[in-house]
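Let's start with one chain on its own, the form predicted alone, as structure tokens.
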């Protein structure tokens, strides 16, 4: 079900909600940027499988992402963390499922992390991808020069325009201390594929791990 919620700052954002409005409810914080595109189908299918196991979930758009009318360039790591906490409160979430770099935003809820990735590692991958593309285009760049430019002026990486504050935040962002249980459903991560794909067996394995833990 598609619904909406109001983020801090006043923007009205969309969210996908699956399952019952009563009982356990997971706030789903997806992978970021290009990894989000590669894992979107997997993420939503995991939510549907959780609903079949009696566990609700909600996947909110963060300001600046997907259909958001807010500018991505205006976002910071702090603004996304505040938005994640606000979404959890709005939807009455009892747990969190953080996928990849989404683990950098997890509010103070019990829950799960699937292949958590530090913000600085996510930024490093984006910078590396840009330098590779620049080299192939005959205009070599270095990650060091890009990072300095990004901290001062913002930067476009993989088609995403990040503001200077977000670049600076991500450059230092280690995974926060968290009680989230790390989940390993098996098989290679879909974010490693060249194109978006889906793995139904992996989604079912992840849903089973979560359902078994929540039921304890």
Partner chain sequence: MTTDLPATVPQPDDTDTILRAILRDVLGLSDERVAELDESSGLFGYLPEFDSMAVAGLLTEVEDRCDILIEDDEVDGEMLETYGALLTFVSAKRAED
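Quantities reported herein were computed from a predicted structural model and do not represent experimental measurements. Numbering follows the first chain given and starts at 1.
Omitted from view is the form predicted in complex with the partner chain, to which the following refers.
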Answer range among 74-82, 107-115, 88-96, 141-149 for contact with the partner chain, defined in the predicted bound form as heavy atoms within 4.5 Å: 141-149
Touches the partner chain in the predicted bound form: residue 188 (any heavy atom, 4.5 Å): yes
Would you please decide whether residue 168 lies within 4.5 angstroms of the partner chain in the predicted bound form, comparing each non-hydrogen atom pair? no
Can residue 158 be called a contact residue for the partner chain in the predicted bound form at 4.5 Å between heavy atoms? yes
Give a yes or no for residue 45: in the predicted bound form, does one of its heavy atoms lie within 4.5 Å of a heavy atom belonging to the partner chain? no
Residues in 121-142 that come within 4.5 Å of the partner chain in the predicted bound form by at least one heavy atom, in order, are 124, 125, 126, 128, 129, 131, 132, 133, 135, 136, 142
